[in-house]
Every structure is written in C-alpha cells, then in structure tokens.
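Given as structure tokens, the chain that follows is alone and in the form predicted alone.
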C-alpha cells in the first residue's frame, strides 16, 4: 500500500484495468504516442508545455471516433482513494473520445490529484458554481455484471491509462 497520493491513485486504478504513467511535461507526447493504439483521436490538452503527438487526430467525425482504438482527453482532477477521474465536457468533443474507443488515455496534472473525494469536492463544487456543470466521475474501465460474469468494455473503454504530468 502506497503512502503517497500518487501511489495510492496508481494502486486504486490498477485492479480496474488502469495504469498510471508519471512523466514530466516534456515527455507527455512521447508517452501518449507509446500508450495509444492506432487509430487514435483526441482533444487539445490545456496544460502548459504539453501537446498531443501527431499520431492523435484532433479533427475527427463520429465515424472517426467509432473506428478509433484510443481516445486521448484531459481530466479535470483525480481522486486517489478510488482511482477516479473527473471528466468534463469540452467543446472539442471530449466525451466521445472518452467513451467509445477501447482505450482511454487521460492526461492529468499531478497537482490536480486529491487524496479522497472529500478533499476533491471543493474543486468540483467551485467548478459547478462557475457554470461548468457537465462532468462525469469515472473510475477505471467500463465494467458490468448485468448478465452474470463481469465483462469489461461494454459501455466504455476496456483500459484506462492516466498520463500524470509532474508539476509539483
């Protein structure tokens, strides 16, 4: 069991078909490129010094999302206790890129990682007060046991890779 917030986040995400790649901003594009299975679609990342690799298409249609193997989007914050990500609406169409491809690569600033839901909640409440009221709290890969045995990837990605940008 990890004693750091980052370690706890990685520990919580691992059994949910997720993993964390912690890298400096200068290595984010290379890390995404290595993690993404082609074809990949994504939306611009709003982190200084961070960009998507050329292998990720940012101008995509519904057909492009449907055929994509990987979606790359930013995450607003992470909750270490559960390995959860707050995924916000984005005008560039982040939701389809988060949900349809088999692999979701989420890019998150390490400073936006909170130890538990209680400590993250003030940020969520502030975002809602500011009018950003369209967000999903996602924990790991999609999974359902509606038909008996646990099945992953039915309603969303089978795998979640969090590229954690070192900024603290």
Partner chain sequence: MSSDRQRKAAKIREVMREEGDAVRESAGHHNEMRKDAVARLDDYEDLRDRARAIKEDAIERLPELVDELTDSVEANGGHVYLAEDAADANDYITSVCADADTVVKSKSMTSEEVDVNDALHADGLDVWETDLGELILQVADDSPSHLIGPAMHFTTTEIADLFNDVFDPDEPLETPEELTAFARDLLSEKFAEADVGMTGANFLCADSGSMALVTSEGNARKTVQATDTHIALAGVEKIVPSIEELYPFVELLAKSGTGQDLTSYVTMLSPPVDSPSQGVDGPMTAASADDRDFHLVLLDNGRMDMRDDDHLKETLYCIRCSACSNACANFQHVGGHAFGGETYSGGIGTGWEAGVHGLDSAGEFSDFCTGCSRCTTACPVEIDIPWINEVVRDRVNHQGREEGFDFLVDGLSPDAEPGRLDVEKRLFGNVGLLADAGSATAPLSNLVASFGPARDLMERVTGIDARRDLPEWQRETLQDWFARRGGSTVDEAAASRSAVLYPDVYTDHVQVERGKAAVRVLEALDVHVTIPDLPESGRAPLSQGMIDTADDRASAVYGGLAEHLDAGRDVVVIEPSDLAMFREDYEHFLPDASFERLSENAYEVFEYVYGRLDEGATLDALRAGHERLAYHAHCQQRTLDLAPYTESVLERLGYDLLTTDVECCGMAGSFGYKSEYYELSMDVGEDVREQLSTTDAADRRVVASGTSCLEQLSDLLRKPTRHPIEVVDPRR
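As the structure is a computational prediction, the values presented were derived from the model and not from experiment. Positions refer to the first chain, counted from 1.
Although not depicted, the form predicted in complex with its partner chain is the subject of the following passage.
In the model of the complex, residue 74 stays away from its partner chain, with no heavy atom inside 4.5 Å. Contact annotation for residue 61: at least one heavy atom lies within 4.5 Å of its partner chain in the model of the complex.
In the model of the complex, at least one heavy atom of residue 129 sits within 4.5 Å of a heavy atom of its partner chain. Residue contact with its partner chain in the model of the complex: residue 156 places a heavy atom within 4.5 Å of it. Residue 125 is the only one of 26, 125, 38, 34 with a heavy atom lying within 4.5 Å of its partner chain in the model of the complex. The stretch among 105-113, 46-54, 129-137, 26-34 whose residues place heavy atoms within 4.5 Å of its partner chain in the model of the complex is 129-137. Contacts to its partner chain in the model of the complex (heavy atom within 4.5 Å) from stretch 61-99: 61, 62, 65, 66, 81, 82, 84, 89, 90, 91, 92, 93, 95, 96, 98, 99.
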